[in-house]
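Here we start with a single chain on its own, the form predicted on its own, put down as structure tokens.
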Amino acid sequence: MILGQIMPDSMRRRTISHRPATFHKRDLHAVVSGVRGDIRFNAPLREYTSFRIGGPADVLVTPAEEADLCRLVRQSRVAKIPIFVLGGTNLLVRDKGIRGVVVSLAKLTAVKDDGDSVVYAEGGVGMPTLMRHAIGRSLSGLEWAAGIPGTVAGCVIMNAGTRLGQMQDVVKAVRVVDAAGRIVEWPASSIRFSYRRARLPRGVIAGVWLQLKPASRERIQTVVKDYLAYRKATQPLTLPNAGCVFKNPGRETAGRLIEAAGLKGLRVGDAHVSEKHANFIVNRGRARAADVIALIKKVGRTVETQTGVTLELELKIVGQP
């Protein structure tokens, strides 16, 4: 999922005009100077996305701690090099990759209780880890996330959800590294949540406070078990994918419209419309981003021709065209 993107105004203009940006290697080295954590130049992003698709990042940084993330943001601002924060799910990285700095929050994984059924989780905490923490303390509110593999920060940005609930139901506040590399905190009341989206000031989500509720551990476990079984039965969880491709248009679901159009099994290269759930595209081995994008266009055109409904993407497509 896309957690956020920090980009100087000059770079925003270049991106809008579709002129590919290039950065000198010495500038990239300057941006990561003194930043603790893992640093990889020309890193293939397919290794970091649930789709197993994506070209290289100029440099991929996994900061060791929040302070390193702040330093990275400050130095990127000085160098006028954009930062893209990688979530991994609900994301398709184009075949030519992402220019500038790509950040993984995989080392920001602390989870702690903060009183009155509040849990604080750093941005890189996986939702399964957070759910186990909540269940262990008999705290309800995250059952809807059963089976979602994304990070806490990514789920906030996407306002991730299922038929059981969504992220906005439990967010109390967020901790953000702003565009200047400073730590700021925003209450949930300042976040504009909508369907599969949350509007926040530009920056990187370093952590989230979640307001949960005491409940029977056995009841929570039963709900989670039942929903995991439902997801396993109805979604292609054994093949690389990025979750639902299209948003549901009103009362009808995108999956039903795609299935009714006879598109299950449609393929471009190794990108296939899932036979199990038509709103999923799966990678059957060597799919490229170009294959997925071509398949998305075919599905969208066919559904619109047959039904008059224009499907809107839930999947985020990023990277150099």
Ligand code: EPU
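The model shown is predicted, which means the values in this text are computed figures rather than measured ones. So that there is no doubt, residue numbering starts at 1 and follows the sequence shown.
There is another form of this protein, the form predicted together with the ligand, and it is not shown here; the text below is about that form.
Undergrad: Thinking of 196, 235 and 259 as the candidate spot, does the ligand come within 4.5 Å of a heavy atom on all of them in the predicted complex?
TA: All three within 4.5 Å in the predicted complex.
Undergrad: May I ask you to check whether residue 168 falls inside a 4.5 Å heavy atom distance of the ligand in the predicted complex?
TA: Residue-level check for residue 168: no, no contact with the ligand.
Undergrad: Does any heavy atom of residue 96 come within 4.5 Å of a heavy atom of the ligand in the predicted complex?
TA: It does not: once the ligand is placed as it appears in the predicted complex, residue 96 has no heavy atom within 4.5 Å of it.
Undergrad: I'd like to know whether residue 107 contacts the ligand in the predicted complex, with contact meaning heavy atoms within 4.5 angstroms.
TA: It does not: once the ligand is placed as it appears in the predicted complex, residue 107 has no heavy atom within 4.5 Å of it.
Undergrad: At the 4.5 Å heavy atom threshold, is residue 246 in contact with the ligand in the predicted complex?
TA: Residue 246: contacts the ligand in the predicted complex.
Undergrad: Considering the ligand in the predicted complex, which of 161, 141, 126, 240 comes within 4.5 Å of it through any heavy atom?
TA: Answer to the contact question: 161.
Undergrad: To verify the annotation, which of these, 264, 286, 36, 29, has a non-hydrogen atom within 4.5 Å of the ligand in the predicted complex?
TA: Exactly one residue meets the criterion: 264.
Undergrad: Report the stretch among 185 to 193, 126 to 134, 76 to 84, 225 to 233 that approaches the ligand in the predicted complex to within 4.5 Å, counting heavy atoms only.
TA: Contact criterion met by 225 to 233 only.
Undergrad: Using a 4.5 Å cut-off on heavy atoms, what residues in 273 to 311 are near the ligand in the predicted complex?
TA: Those in contact are 276, 277, 278, 279, 280.
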